[in-house]
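This document contains two forms of one protein chain, each encoded as structure tokens and listed individually as structure 1 and structure 2.
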Structure 1
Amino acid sequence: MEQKSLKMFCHLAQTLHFGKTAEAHHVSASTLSRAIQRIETELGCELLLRDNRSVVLTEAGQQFLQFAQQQLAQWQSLQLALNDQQTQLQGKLHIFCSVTAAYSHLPSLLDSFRQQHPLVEIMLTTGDAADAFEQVQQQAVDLAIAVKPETLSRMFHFQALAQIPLAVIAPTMACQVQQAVNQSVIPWANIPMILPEHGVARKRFDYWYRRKQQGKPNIYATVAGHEALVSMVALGCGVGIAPKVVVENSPVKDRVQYLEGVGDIAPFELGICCLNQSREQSLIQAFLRAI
């Protein structure tokens, strides 16, 4: 991505500060340093004088700055011209959407995008949230709407959309579980819990439960998929954690209740993700801008 080096150089010519420019472009200082070095050796002359306390443009650097700006401007202008010609963006956009996201944010996203770009064919795949990043990585899809994991490979671009609050839920029907949670001091260690099998939800649960300092949880079942978890809670099997949106949209909504005052759970960071690589693609660019 020669393009990116030019952009960084232009920025750097302004700030005259490697650290800041690097941060602004989401790369490490060393990456920026080497990008500049690459240009310099390719050109055979110094663009910047770094004297350890300050950075200044050389004569050649100023010329290169002009050149770089020119090149970038031409690129933009080409893009504009081509998009203009096509009148409307068109093509296919494969999107993967975790089930959680499908409830909460997908409809409005899709709406607003389709309104702006009616010719773009949207191909939607829904599935397990845990697969979202894999799908993107393998380029099975262009974009995924998913929950931000704790650690994210630098390969990906993640753009936050919203917070999805989680809640602790218990059955409303009269049963042992329901009675247990209605006591003034809830005996957590005895209450059967329904755990998310894996993924970010599980992490959230573990963290939330650990803060109670009640020893090991009494695990009734582990379940893959929030919907199933809600169902199990509704059946009176135990207490669990789920996104509120899932609960609201569940057919068994009336048979579960939120437990209040039982400790905070950090909400899910819902967002849209794609390969950093593909951020230059015009369809993807359009989508990211449309949201």
Structure 2
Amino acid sequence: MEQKSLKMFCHLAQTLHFGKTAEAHHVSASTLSRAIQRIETELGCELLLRDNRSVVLTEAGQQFLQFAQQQLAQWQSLQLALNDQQTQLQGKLHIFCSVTAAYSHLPSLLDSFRQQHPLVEIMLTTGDAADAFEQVQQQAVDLAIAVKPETLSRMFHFQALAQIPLAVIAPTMACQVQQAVNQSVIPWANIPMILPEHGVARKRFDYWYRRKQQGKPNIYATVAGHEALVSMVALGCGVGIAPKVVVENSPVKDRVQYLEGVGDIAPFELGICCLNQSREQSLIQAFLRAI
């Protein structure tokens, strides 16, 4: 069986969505469907149960997934072994991180890795840090700089990098929000809040606000990404919680202020994550060792 078909099947087994897998591999959904059907014909059994609403792996599909993952890992190891007796690693390593992490943490990691493995091509995708684990789970990327969740699934390997403090931020410009937070007793129930859509930061906010016993928060907006949150606070739209590293690297950092004495917020644990099943692949293993 060709490597591309095995890769598409492994990806589909994670997403259980023909459209997402077809897009990730730059093929049409019909081409993907024919590739899966060819595998099923060769094996003489169904690997997937599919209808208009859902896709589910059969028991045979679960067994074939393990086989396909092993074959792909062995193929990559063989390629590397035949490449100048492993004197130089080659290939592509796809990494996901937030825009802030791309210039706050990633450069030093890549400097160390590239000194040891200069022939490896780095493919970088940036986005909301809260989406990092999903990107890895769907095998859209090999590695991600991510915030460790409160409960880490066994499917992931997480290697810690740093503790990231969080802060409550407000605008410095003259506006109603700025006037409210400067009062001796801050009327939290009336202050517009700007929140992350989801992820660890949203949970940190929920816990922090519940302790104030002010009823439901006045949510002005929810945004994807801490960078956008800091910008909205700087524009005077409301108050929010953000990692200090995002604030310090923001082009509008002079337009926001940290609020002191408003309650402690547990820091983030930032690290590198990958799938446990991919951890032993040569490129991923080399990157984890390098950092």
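None of the values given here were measured: they were computed from a predicted structure. In this text, rigid core is short for the largest set of C-alphas that superpose within 1.5 Å between two forms. Residue indices: 1-based, along structure 1.
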Two forms of the same chain appear here; which of them is the form predicted on its own? 2
Determine whether the C-alpha of N190 shifts by 2 Å or more between the two structures once the rigid core is superposed. no
Hey, does M123 budge by 2 Å or more at the Cα between the two structures once the core is superposed? yes
After a rigid core superposition, would you say the CA of R202 moves by 2 angstroms or more between the two structures, or not? no
Quick one: CA shift at S282 between the two structures, core fit, Å? 4.0
Rigid core superposed, I'd like the Cα shift of S30 between the two structures in Å. 44.5
